[in-house]
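Take a look at this single chain in C-alpha cells; it is the form predicted alone.
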Amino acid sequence: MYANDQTHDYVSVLPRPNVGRGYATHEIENMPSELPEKNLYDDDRILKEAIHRHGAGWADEKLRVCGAVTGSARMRDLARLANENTPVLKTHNRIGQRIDFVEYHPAYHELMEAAWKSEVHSLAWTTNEKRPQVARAALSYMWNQTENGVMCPSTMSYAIVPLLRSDPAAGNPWLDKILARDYDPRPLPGNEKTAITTAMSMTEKQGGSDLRANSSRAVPTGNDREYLLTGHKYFCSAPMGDIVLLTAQTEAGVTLFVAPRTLPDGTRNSIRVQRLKDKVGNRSNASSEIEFDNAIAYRIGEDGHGIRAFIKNMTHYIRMDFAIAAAGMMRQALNLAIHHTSQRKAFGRTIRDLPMMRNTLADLAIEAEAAMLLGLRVAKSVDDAQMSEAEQHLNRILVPIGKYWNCRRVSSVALEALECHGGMGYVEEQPIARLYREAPLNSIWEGTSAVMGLDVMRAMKTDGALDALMNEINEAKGADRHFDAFADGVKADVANCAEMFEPHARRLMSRIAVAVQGSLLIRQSTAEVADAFCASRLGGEWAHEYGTLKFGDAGLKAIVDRAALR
C-alpha cells in the first residue's frame, strides 16, 4: 500500500462563544451527513438480482469484496485527493536528463492498486466460469461509482487482451503481466516488473476520428516486427502506461504498434510527453500530447490493416465497457441524490417525501436501472457471441447503441441529481460536482455519437441482423400496450432505414435503445418500474424532463425505495 499522510478525518468543532473576536452565531443542523459506507454489490438488490439472472452468481464473493472496497469511505476520500491533486509532468530530472515522467498523488496509486487487486482489468480473461464478461462488467459498474480516472487505464488494459491474443507472436510477451493482479508503477522495463499497464494514443491533430489521416511514420529496422516511429499524437491516455498502443503509417498503410515506455536495457524509449491536457473532468488521470523520435515499436497484426485490427479486437470492448461505466455513474448520481434528499428537510418534511422530488427520484431510478440492464445485456452478448449467430448480430448492434445511449444519458442524470442538492450541488467539495464534470467524457472517447451511428449502420446491413434485433425486442411483446405500439414503430423504422439511415442515425439509435430497455425492464424488473418506463419513454406520457412521470404516489415511492441502497 502507499502511505498517504494527507488523508484525514474531518471533525466539526464549534467555536467557543465570546473568545477573542469569534462568536457562535448558530448551530449546524439540517445538513446531510457524509455518504455512509455501503457494499455496492450486497446493498444493491437490483445489481445483485441481475448478476444472478445472467448466471454469473459464481462471482458473488469477488463482487462482494469489490462492493465493500468501492463503497468505503476510504476509497471516496482517496478519489477526492486524487482529483484535487492532479498529475504533474516532470520532463527532466534535477541534473537535466530527459525523463518524461508523470507524477501522480499517492492516492491515485492506492486506488490503482485496489482496482487491480479486484481484477476489474482481468477477470473476463482469466476465468472459465459462465458469463465472465457480465461478472467483469459488474466490477466496472461499481468502480465507476467510486473513481473514474483509474478506470481509463483499467479499460485499456482490459480491452487490449483480445488484440494481443489475436497476434500471439507479438502479443504473448506482454499478456501475463497485463493480466496480473498486481500494480507496479515503477519505471522499469516490463520484464523486471510484477505487472504492467497500458496507454493508448491514436488521435492526431489533423485527423481526429479519421485515423487514415494520421501522418506518423514507421520504418522497419530489419529485425522481426521492429520499427522506428516518428510523429506526434494529440491525445495519449494514461501516458505512464508501460506499453503504448498506437498507429503509424507504413508503406502498406495505417498499421498498429506497441511501443514500450522503457527499453529492456533500462533506457527510456524516445517517447516525449510534450504537455498534459487540462481537462474538464477525469482529472486524476493524465492525458497528454506525445511525440516519437525514432521510438522503438513492434507491429501488431497485419501491415497496413491496423484500423481493422484495432476496431475488431479492442475498440469493441472499450465501447462495451463505456456502456456499463456510464450506467455506474448514473447509479452513483442516484445514490447521492437519494442520500441528500433523505437527510435534508424543507417545508417541514424530508425532501425525499415531497411529491415533486419523489417523482424526480423515481424518474432517475428507472433511467439508472434501464441503463444498467442495457449495459449488462451488451456484456452478455459479448459472452454469448461465439455460441450463437443471433448473439453475434446483437453484439455488433448493441455495443455501439449501448455506448451511444448510456453515455449520452448520463449527463442529464448527473445534472438532475446535482439539482436535487440545490446550491450545495454546484460547489466543488460535493462529490456530485465531480461526477457532473466527468459525465460527458465517455460519449466522446472511442467514438462520438456520429461514429456510433456509422457503426450501427454497418452492423444492420448484415444478413440476419435486423431479425436478431427485433426478436430481442419482441420477447416482451404482449405485456404492455405502450411497448407493443412502440416496438411496431421500431420495426417499421429499421425496415426502411437502408436508404436514409445516416441523416437519421441518432433518432433510430435512440428508438432502438429505449425499445431494448423497455423489453429488458418488462422481463426483468418490477411492474412499477416497467410500467413507468414504458408509459413515459415509449407511450408519450412524459415531458422529456425528469420528474414528469404520470404515476401514482404509491408507485413512485415503491420505485424510489427499491432503488435506495439497503
Ligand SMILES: Cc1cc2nc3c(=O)[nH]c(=O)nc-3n(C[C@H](O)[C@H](O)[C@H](O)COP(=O)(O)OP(=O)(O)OC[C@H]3O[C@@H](n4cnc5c(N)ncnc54)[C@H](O)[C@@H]3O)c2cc1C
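The first residue of the sequence shown is number 1, and the count goes up from there. Quick caveat, the model's predicted, so the values are computed rather than measured.
There is also a form predicted in complex with this ligand; it is not shown, and the following applies to it.
A.B. asks: Is Lys279 one of the residues lying within 4.5 Å of this ligand in the predicted complex, judged by heavy atom distances?
C.D. replies: Contact check for Lys279: yes, within 4.5 Å of this ligand in the predicted complex.
A.B. asks: Find out whether any non-hydrogen atom of Ser237 is located within 4.5 angstroms of this ligand in the predicted complex, and reply yes or no.
C.D. replies: Answer yes; at least one heavy atom of Ser237 falls within 4.5 Å of this ligand in the predicted complex.
A.B. asks: So in the predicted complex, does any heavy atom of Leu441 sit within 4.5 Å of this ligand?
C.D. replies: Close contact exists here: in the predicted complex, Leu441 approaches this ligand to within 4.5 Å, heavy atoms only.
A.B. asks: How about Trp445: is it within 4.5 Å of this ligand in the predicted complex, going by heavy atoms?
C.D. replies: It does: once this ligand is placed as it appears in the predicted complex, Trp445 has a heavy atom within 4.5 Å of it.
A.B. asks: In the predicted complex, which of the stretches 447-455, 391-399, 337-345, 473-481 has residues with heavy atoms within 4.5 Å of this ligand?
C.D. replies: Checking each option against the 4.5 Å cut-off leaves 447-455.
A.B. asks: So which of Ser216, Thr127, Gln430, Thr203 reaches within 4.5 angstroms of this ligand in the predicted complex, heavy atom to heavy atom?
C.D. replies: Checked against the cut-off, the match is Thr203.
A.B. asks: Consider the chain as shown here, without its partner, and state which of Thr462, Ser209, Thr221, Ser166 has a heavy atom within 4.5 Å of this ligand in the predicted complex.
C.D. replies: Residue within 4.5 Å of the partner: Ser209.
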